[in-house]
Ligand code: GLU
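Take a look at this one chain, the form predicted alone, written out in structure tokens.
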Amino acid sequence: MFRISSRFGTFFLGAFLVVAGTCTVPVHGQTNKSPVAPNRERVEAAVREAYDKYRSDTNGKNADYIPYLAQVDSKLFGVAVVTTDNQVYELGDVKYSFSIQSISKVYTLALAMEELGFDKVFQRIGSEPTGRAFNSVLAVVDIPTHTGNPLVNAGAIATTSLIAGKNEDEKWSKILDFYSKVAGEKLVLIDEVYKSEAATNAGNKALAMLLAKYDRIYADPFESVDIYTKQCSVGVNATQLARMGAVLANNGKNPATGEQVIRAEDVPYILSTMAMAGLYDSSGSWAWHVGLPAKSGVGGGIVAIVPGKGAIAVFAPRLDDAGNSVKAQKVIEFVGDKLDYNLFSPQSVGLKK
């Protein structure tokens, strides 16, 4: 049985349909539903079918270069959809808190844009595909911007260095508070993940020092790496992650709280970067097959944005060689195909074949 949640409560679908006949829940008295969004039944059916189809898939393996991630139960599997009118569909292990990892890069980018404006962030970070792995040293050397884009490690560390604050604690608190506003509830650091990553992040420290050589990091390099390591260690569950995605789908407004947490004018720039570099060095394949702005993390999460409609988040720890959750990719591609979510297809805006 699906569970449907809203800011007014949580209901089990079977009972809710009998009482109300609909699961469209207004935020502050108004709905914000796309006229071409699929109806409730189609969303439920697509998510259930995808979940059942891939729940037994054992391809891939947990990330092991961060010791903590290697110990996460590889059988965990959760799927959540949050729509712009604040309908929530959940299936599986949606309340398990996993580390957000590289998905955090999206929201630190949003915060940097809020503080500096999108033009200054673009000038200082850039937004070009590196053509190399997310942690590539050669990309820093070869690419004229050196940072590449905000979703590879070098660019992400540089983006984190843009966040203003009197000291490291103030900067970190600002980032965590911002993530919590986007999620619509308080998020916390998973301290074990942070300690595990901090003990193994020599590569990121090397990237930060290389950026310093090119004057492309904007605060103390090692401080910036430490804050970046903390942001990657924030815990989220699938439902929280889907809500964070739905904020971007909803022009920066949290559909659960009604708060404008990301500036609407920044959203297109964030989504374009996700479409270009959101799934590491398989981003081109993702755009070809799925056609949605998305971001993955080696903790096993992927969130995909359907502008004007909502977001789907999937958590499953087993990764492919590029560092992307195997099950999450399959589920999102399946659901997207069933619901006409591909942004490059005219069907996504209601035009039929």
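Keep in mind that what you see is a predicted model, and the values were worked out from it rather than measured. A residue's number is simply how far along the shown sequence it sits, counting from 1.
The same protein has a further form, the form predicted together with the ligand, not shown here; the description that follows concerns it.
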Given the stretches 269 to 277, 182 to 190, 197 to 205, 141 to 149, which is the single one in contact with the ligand in the model of the complex, using a heavy atom cutoff of 4.5 Å? 197 to 205
Among N153, Y228 and C232, does every residue place a heavy atom within 4.5 Å of the ligand in the model of the complex? yes
If you check V43, L292, I66, A50 against the ligand in the model of the complex, which one has a heavy atom within 4.5 Å? I66
Counting any non-hydrogen atom inside 4.5 Å, which residue from T130, Q87, S102, N254 sits next to the ligand in the model of the complex? S102
Does P317 reach the ligand in the model of the complex, with heavy atoms at most 4.5 Å apart? no
Would G310 sit within 4.5 Å of the ligand in the model of the complex, counting heavy atoms only? no
Though only this chain appears here, would F134 touch the ligand in the model of the complex if you measure heavy atom gaps against 4.5 Å? yes
Just to make sure I understand: among 265 to 301, which residues lie within 4.5 Å of the ligand in the model of the complex, judging by heavy atoms? Y280, G297, V298
